[in-house]
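So here's one chain in two forms, each on its own in structure tokens, numbered structure 1 and structure 2.
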Structure 1
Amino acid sequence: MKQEQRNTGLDREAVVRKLREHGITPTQQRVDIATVLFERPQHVCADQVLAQVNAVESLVSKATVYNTLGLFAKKGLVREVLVDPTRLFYDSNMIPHHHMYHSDSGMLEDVAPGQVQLGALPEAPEGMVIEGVDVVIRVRRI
């Protein structure tokens, strides 16, 4: 383990509890990845998580990061935010909200639900319910 310490929002015990509460076995690598994710509300891509984990903790492979982020999304720990076909962010803020994506800088920021006005939604197909609506507003400099 590298010497540098990370200022985290959750201590390791809290991270382990959070993983277990979501039915995830808390392996060392999963705890390391979750510690990075839950350090603060943030939007990160898998490569950013990989770099942050490997800068502080023991080395984790790219495949492990991708697999773990997918598991965390499936279990409801993070939201996947697809901003274009080549950019997938993982959002540690699970409170309902929308996003604004700055295509020039690659930055993704939160937009409060009240700042976006949606009209009526179509009815869900028979036997289904609407799970949510995710809005990504894409902006660029003129």
Structure 2
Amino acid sequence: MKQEQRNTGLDREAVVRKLREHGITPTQQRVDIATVLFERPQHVCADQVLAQVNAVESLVSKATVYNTLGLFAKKGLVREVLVDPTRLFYDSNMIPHHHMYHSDSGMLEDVAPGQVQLGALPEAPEGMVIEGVDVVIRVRRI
């Protein structure tokens, strides 16, 4: 993670703007975390974020990483993905899509929404709204 590699992500200013757009006060730590998340679209769990953000020097505590990921999810900056019963993944790709989960390897792949034909959904019960529909295609080695 040095300055040799091309950075396809957002620069610090763009990250700050993005947080503001979602009604999040852009603190130092939140910007650090968001910078890691939006470096590229990825599926990442809290542990990995903690490691990445503190790779060079210790910048952010565990509690803050967990709190911030929760906050980002609530504010619609990232999306939670449940495929592994032992940990929660955060998806920094907010373009609507589904997932293919390789249960052998734990690998998680995006599936374009056009690849899955989702027809009529059931109505949400009275007084409720559909928050989202998650489709996970689980695959394994033959």
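These numbers come from a predicted model, not from an experiment. One-based numbering along structure 1's sequence throughout. Between two forms, the rigid core is defined as the largest C-alpha subset superposing within 1.5 Å.
Only one of the two shown forms is the form predicted on its own, so please name it by number.
Number 1 is right.
Align both forms on the core first, then report whether Gln117 has a C-alpha shift of 2 Å or more between the two structures.
Shift at Gln117: 2 Å or more after core fit.
Does Glu21 show a Cα shift reaching 2 Å between the two structures after rigid-core superposition?
The answer is no; the displacement is under 2 Å.
May I ask for the C-alpha shift of Gly127 between the two structures, in Å, based on superposition of the rigid core?
For Gly127, the C-alpha ends up 3.2 Å from its position in the other form.
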